[in-house]
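Starting off, we have a lone chain in the form predicted alone, written out as structure tokens.
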Amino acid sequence: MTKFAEQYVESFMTKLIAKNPGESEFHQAVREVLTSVAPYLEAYPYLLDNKIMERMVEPERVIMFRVPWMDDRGEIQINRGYRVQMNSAIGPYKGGIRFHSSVNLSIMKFLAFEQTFKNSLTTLPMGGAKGGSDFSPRGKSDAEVMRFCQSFMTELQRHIGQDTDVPAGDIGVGGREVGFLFGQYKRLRDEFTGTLTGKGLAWGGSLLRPQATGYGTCYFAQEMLATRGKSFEGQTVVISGAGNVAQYAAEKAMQLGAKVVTLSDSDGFVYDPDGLNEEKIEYVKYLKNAIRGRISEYAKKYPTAQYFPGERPWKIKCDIAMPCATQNELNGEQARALVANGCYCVAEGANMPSTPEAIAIFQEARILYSPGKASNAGGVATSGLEMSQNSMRQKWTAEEVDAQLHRIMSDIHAACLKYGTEEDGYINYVKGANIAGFIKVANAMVDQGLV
């Protein structure tokens, strides 16, 4: 970076941190984007004159609300709900809802900020938003989850709609939760519209939506590998997480010829030296989706697997790593271990799973590394396709959706190449994704005036 760009970044971040104290995840997300786009801003002063970055980091609207509900013992519980509507320059707000005990305003703002650029990369007309609550579905009965979802939607429904804001699922919000949320929205608004995505197939959902984030991450990784004359065939893959993204990333990686050897959850990880197969991945889906069990049970069912409580899988030797769990799950020490063990490709399936130190290590080692805003954009892209199907009252085949998903991920990769290829030929996917996502939103904001 030039001296001007460096000074701009530091001055900007000083002001941002002072204005948003204690929001470390949000600060981290903004710094990553700002570092990439500062030289671009310097080259196009009209964006500086219009204070585009200053406007981008300020949410258009933040909604925070009380969510009271009654548990199965008849006791009243109170949680906090959020919806951060970050940017609507290129379309209605779009982004998931997360139910997890870690949810706070900083995490919601970081996710909404990231979502703005991710949605821009898909080329679909979707703005950026994120919502959620510090409620955890873990250990709750179906009736408790339903009562919570109904209370949450009773407030949220005032602020969303198919042409305003279209939420989806995220961590802790799967098909069950989307169903309860949609049912309450429909009851309160007396309308059947595509206001939520990730719906059931019988009531407006899209084929391949559950698979989309994991499949899309693999499609993007395929493009990355091809730049070095490689593919998934015969490669050993380490994956974190055991939820929706991890399950389908593992499934697609196996279909493409890879050997997947790990999965994890918040309690620890399993290492299966024999690799997963179709039977094993179906068991994981049953374990996590149907009975909501823990990944440790995998090792009990398949004795050749080993369970490591309280650990993450990054010490396992691999060719390709796919972090698919949560933010900041992969730190500098673990990044060094991956590189030392021969890992040459990291494709993020989660949102911001690698710390800044880890990213720096990957890039210094010149390995293939893609940020989640690029490689995991397949989920929201397919949500966008679900919105299109809902608007047209049509239903596309799985093959049609998969073809569009594959095309979108290929187009995102091409955009990253365009803006991220450095003079020595190394592809800086962070820079490429940030600039490509930024340009479309920034120019739309300029065109629409000071709003």
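Sequential numbering from 1, following the sequence displayed. Being a predicted model, the structure only gives us computed values, none of them experimental.
Although it is not shown, the form predicted in complex with a small molecule is what the next lines describe.
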| query | finding |
| --- | --- |
| Heavy atom contact within 4.5 Å of the small molecule in the predicted bound form, the stretch among 155 to 163, 208 to 216, 85 to 93, 221 to 229 | 208 to 216 |
| The small molecule: the contacting residue among V245, V346, L330, C149 in the predicted bound form [heavy atom, 4.5 Å] | V245 |
| The small molecule: the contacting residue among C324, M108, A250, L338 in the predicted bound form [heavy atom, 4.5 Å] | C324 |
| Contact at H100, K288 and N376 by the small molecule in the predicted bound form, all three, heavy atom at most 4.5 Å | yes |
| Close approach of A350 to the small molecule in the predicted bound form, 4.5 Å, heavy atom | yes |
| Contact flag, S266 vs the small molecule in the predicted bound form, heavy atom cut 4.5 Å | yes |
| 4.5 Å heavy atom contact, G241 to the small molecule in the predicted bound form | yes |
| K317: touches the small molecule in the predicted bound form, heavy atom cutoff 4.5 angstroms | no |
